[in-house]
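For reference, the chain that follows is the form predicted alone, supplied as structure tokens.
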Amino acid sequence: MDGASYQRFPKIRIREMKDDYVKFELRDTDASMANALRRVMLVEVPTIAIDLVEIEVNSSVLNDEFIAHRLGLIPLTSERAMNMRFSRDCDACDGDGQCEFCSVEFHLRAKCMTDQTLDVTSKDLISSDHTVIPVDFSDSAGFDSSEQRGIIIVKLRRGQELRLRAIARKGIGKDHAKWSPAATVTFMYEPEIHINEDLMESLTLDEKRGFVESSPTKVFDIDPNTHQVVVVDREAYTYDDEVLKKAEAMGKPGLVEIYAKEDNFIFTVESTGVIKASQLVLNAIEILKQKLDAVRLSEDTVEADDQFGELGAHMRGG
């Protein structure tokens, strides 16, 4: 209908939240928006990672390229990444990517002086910015700090040495996986499950048990008091249709109805630790808003060109 508005107002409700994990509901929107948010979280939210390595001395068993690759994959705390400049856009260093506005410098110096193997880890990286350091997994892993010394880069034996300088820069996962802030981002349609109580009453207790056990996940159970089949965890349903097939095999089609709410989604987000999972979601929403604003601006520009022709292009300097 002409003049009809299809504008929607998505809502988010947090289910569970930890530093590296968040589960939330996204409601009143469609799959295109949900998938756009998922993709932005995976590859569009900027983080900081080592991008340039200058090795001064390396007498370890690993070659220079191998060590540089391992350094690039070490997660670095990236709370300030949103406010940093991309090195290619930095005018303070003419795109060189080695200034305080677009980069962070690291140094590593290690030499084994004993017969005991020396583990060179991410804890040995010295940062020029105290807000950008290797992520510490010792607390979350449940190890004592004396036992967990970070991510191992290389092992040195007596007389072996490693000295290097590294430059960390802002980037996004679309350019390289080392800049991706998300370990995993998934979403599923919220399932709606309705049991036909009249048909269910016509089943024997053994048939009810068979129906409940036909589901690969614990979606249904039998109430010990009433012997009724009840839904215990609808979100455990994986859209495998096994219970529907079981109902048909029992000669009871329509025993249960299961459908997906096409405007409700359940997200599960796990961060790599470079930023908190909650901040990852907020940053992704902000970036998605910027992209949508850019699309709207381009549409307005096309409309202006259609209305004013060459005059509109001339006024924009085209």
Partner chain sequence: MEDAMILNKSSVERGMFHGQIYQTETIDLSEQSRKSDRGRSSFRRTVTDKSTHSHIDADGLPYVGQMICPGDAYCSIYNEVTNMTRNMVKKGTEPVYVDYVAVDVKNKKNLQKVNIRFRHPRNPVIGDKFSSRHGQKGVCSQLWPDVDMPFSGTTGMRPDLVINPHAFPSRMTIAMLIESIAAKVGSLNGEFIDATPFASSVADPNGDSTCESELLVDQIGSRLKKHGFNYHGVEVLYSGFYGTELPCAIFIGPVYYQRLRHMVSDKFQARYFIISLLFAYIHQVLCPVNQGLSILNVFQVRSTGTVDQVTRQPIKGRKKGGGIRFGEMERDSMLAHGAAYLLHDRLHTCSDYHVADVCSLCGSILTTTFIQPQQRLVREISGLPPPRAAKKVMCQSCQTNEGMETVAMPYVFRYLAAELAAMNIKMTLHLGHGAGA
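Positions refer to the first chain, counted from 1. Just so we're clear, the structure is a prediction, and the values are computed from it rather than from any experiment.
In what follows, reference is made to the form predicted together with the partner chain, a form of this protein that is not presented.
Shown without its partner, this chain lists Glu248, Glu161, Glu100, Glu242 as candidates; in the predicted bound form, only Glu242 has a non-hydrogen atom within 4.5 angstroms of the partner chain.
With the partner removed from view, the residue among Leu73, Leu203, Ile222, Ile195 that has a non-hydrogen atom within 4.5 Å of the partner chain in the predicted bound form turns out to be Leu73. Heavy atoms within 4.5 Å of the partner chain in the predicted bound form belong, among the stretches 163-171, 123-131, 233-241, 102-110, to residues of 233-241.
When contacts are judged by a 4.5 Å heavy atom cut-off, Val43 counts as touching the partner chain in the predicted bound form. Contact annotation for Ala183: at least one heavy atom lies within 4.5 Å of the partner chain in the predicted bound form.
When contacts are judged by a 4.5 Å heavy atom cut-off, Arg38 counts as touching the partner chain in the predicted bound form. A residue is said to contact a partner when one of its heavy atoms sits within 4.5 Å of a partner heavy atom; Phe86 fails this definition for the partner chain in the predicted bound form, lying far away. Using a 4.5 Å heavy atom cutoff, none of Glu25, Ser60 and Arg149 lies near the partner chain in the predicted bound form. Contacts between stretch 50-66 and the partner chain, counted in the predicted bound form as any heavy atom lying within 4.5 Å, involve Asn63, Asp64, Glu65, Phe66, listed in sequence order.
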